[in-house]
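The chain that follows stands alone, in the form predicted on its own, written as structure tokens.
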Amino acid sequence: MKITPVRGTHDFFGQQVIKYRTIQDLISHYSVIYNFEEIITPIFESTELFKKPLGENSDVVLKEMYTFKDKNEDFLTLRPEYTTPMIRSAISNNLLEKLPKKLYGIGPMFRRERPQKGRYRQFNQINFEILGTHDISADIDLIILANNFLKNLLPEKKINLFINSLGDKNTITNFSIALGNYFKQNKKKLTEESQSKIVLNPIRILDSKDPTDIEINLNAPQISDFYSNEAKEKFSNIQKILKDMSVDFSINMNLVRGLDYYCHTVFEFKTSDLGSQDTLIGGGRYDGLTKLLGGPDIPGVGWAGGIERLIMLMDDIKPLQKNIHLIIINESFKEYGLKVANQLRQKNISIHFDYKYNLKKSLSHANQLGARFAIIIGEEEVEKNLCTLKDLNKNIQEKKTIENIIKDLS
């Protein structure tokens, strides 16, 4: 019986692992530059953590969450996103005593969606969150961080930034009422899925990818007509600062993001190179979410990025070469050879050993892999407590003590 991966999951190996580690290292670099602390949370949480914040009638909660009952009859859910678990952790561990709090995390998420290019049922995600400030500088910082990260990682790719504002709670309420009335008038033209959202949450219809719904959305009320003076000023200031910092962006009034906790700033970085799954990074402001999760009434803003989609856009990375090969020409010299390898590795010198005891085959293998040096262990080397260091590029070799080899290779 051949066991295959579960539908919607995939393995990382070869170039994918190299690219994943590259992303991880770059994210770690930017976390230091922007003063974010890493946080690691469990991959499953109480189901209640996700239900209300994500919207009990949202697609994520209704269709996509992996929820199960454990032996204590508690309902648990594999995390479908990272913002709420990070906030839950900040509350649980009393991390919000000094504000603002800047946190980031990387890890697997789980959603039972229809698998397609760039969309998996288990996927890896990066999150950056700032808790405890209303200042639009936090929104700007996160947008600039994402912009710099993407330009560094994918310098040759065309990536577009789209921004919008959902305004304050009154803006969202009044806009939702107006949208509901508009979609009721056009109900028969909408897809069946969007029709079901008219009463539950008409704003979600703006997020539809169906061409029929998109055409109806073109004439829908604009959220900008419902902004309060404060919301209008915030959004205007964000645009001005981004322009002053030479960050290119476009305004998309139908950009609402897929979860119910957003308000004010929302943004997405998109590419045209991945088909319909075109969002690389998305986020926005979620004032009030921390209070909803049982914490203090503080604002928040953050973004998430999908690692698999980033990997799909990256060029192959040349792996580190196995530059130094250990060649033990006879198995009876194995003990001495392994001691030599251990001494070198303790000095942080990378050694490759192919577990073969044949000089000719091992040299051939080393040359095939582009090795620069070979350390050869034979009878004379063992007797005199030496090693032969062979420069494979220059085709010269010399017997040396292990101490001198360490100096030469360090």
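What you see is a predicted model, and the numbers here were worked out from it, not measured in a lab. Numbers follow the displayed sequence, beginning with 1. Take the two forms, find the largest set of C-alpha atoms that superpose within 1.5 Å, and that set is the rigid core.
Omitted here: the form predicted together with the RNA. The next part is about that form.
Asks: With the RNA left out of view, which of K197, K234, K101, R79 would have a heavy atom within 4.5 Å of it in the predicted complex?
Replies: When the RNA is considered in the predicted complex, the option within 4.5 Å is K197.
Asks: Of G167, P202, G118, G105, which one comes within 4.5 Å of the RNA in the predicted complex, counting heavy atoms only?
Replies: Among G167, P202, G118, G105, a heavy atom within 4.5 Å of the RNA in the predicted complex occurs only for G118.
Asks: Although the partner isn't part of this model, could you tell me whether E64 comes within 4.5 Å of the RNA in the predicted complex, counting any heavy atom of the residue?
Replies: Yes, contact at 4.5 Å.
Asks: Residue-level question: is R88 within 4.5 Å of the RNA in the predicted complex, judged on heavy atoms?
Replies: Because no heavy atom of R88 falls inside 4.5 Å of the RNA in the predicted complex, the answer is no.
Asks: Can any non-hydrogen atom of E230 be found within 4.5 angstroms of the RNA in the predicted complex?
Replies: Looking in the predicted complex, residue contacts with the RNA do not include E230, since no heavy atom lies within 4.5 Å.
Asks: Check I144 for me: does it contact the RNA in the predicted complex (non-hydrogen atoms, 4.5 angstroms)?
Replies: Heavy-atom contact with the RNA at 4.5 Å: absent for I144.
Asks: Residues in which of 377-385, 24-32, 339-347, 39-47 have heavy atoms within 4.5 Å of the RNA in the predicted complex?
Replies: Checking each option against the 4.5 Å cut-off leaves 377-385.
Asks: Going through 344-381 from first to last, which residues have a non-hydrogen atom within 4.5 Å of the RNA in the predicted complex?
Replies: If the 4.5 Å heavy-atom criterion is applied to the RNA in the predicted complex, 344-381 yields L359, K360, K361, L363, S364, N367, Q368, I376, G378, E379, E380, E381.
Asks: After the core is overlaid between this form and the one not shown, has the C-alpha of K399 moved by 2 angstroms or more?
Replies: Moves: yes, 2 Å or greater.
Asks: Is L95 displaced by at least 2 Å at its C-alpha between this form and the one not shown when the rigid core is overlaid?
Replies: No; L95 is a residue whose C-alpha shifts by less than 2 Å between this form and the one not shown when the cores are overlaid.
Asks: After superposition on the rigid core, does the Cα atom of N330 shift by at least 2 Å between this form and the one not shown?
Replies: Yes, its C-alpha moves 2 Å or more.
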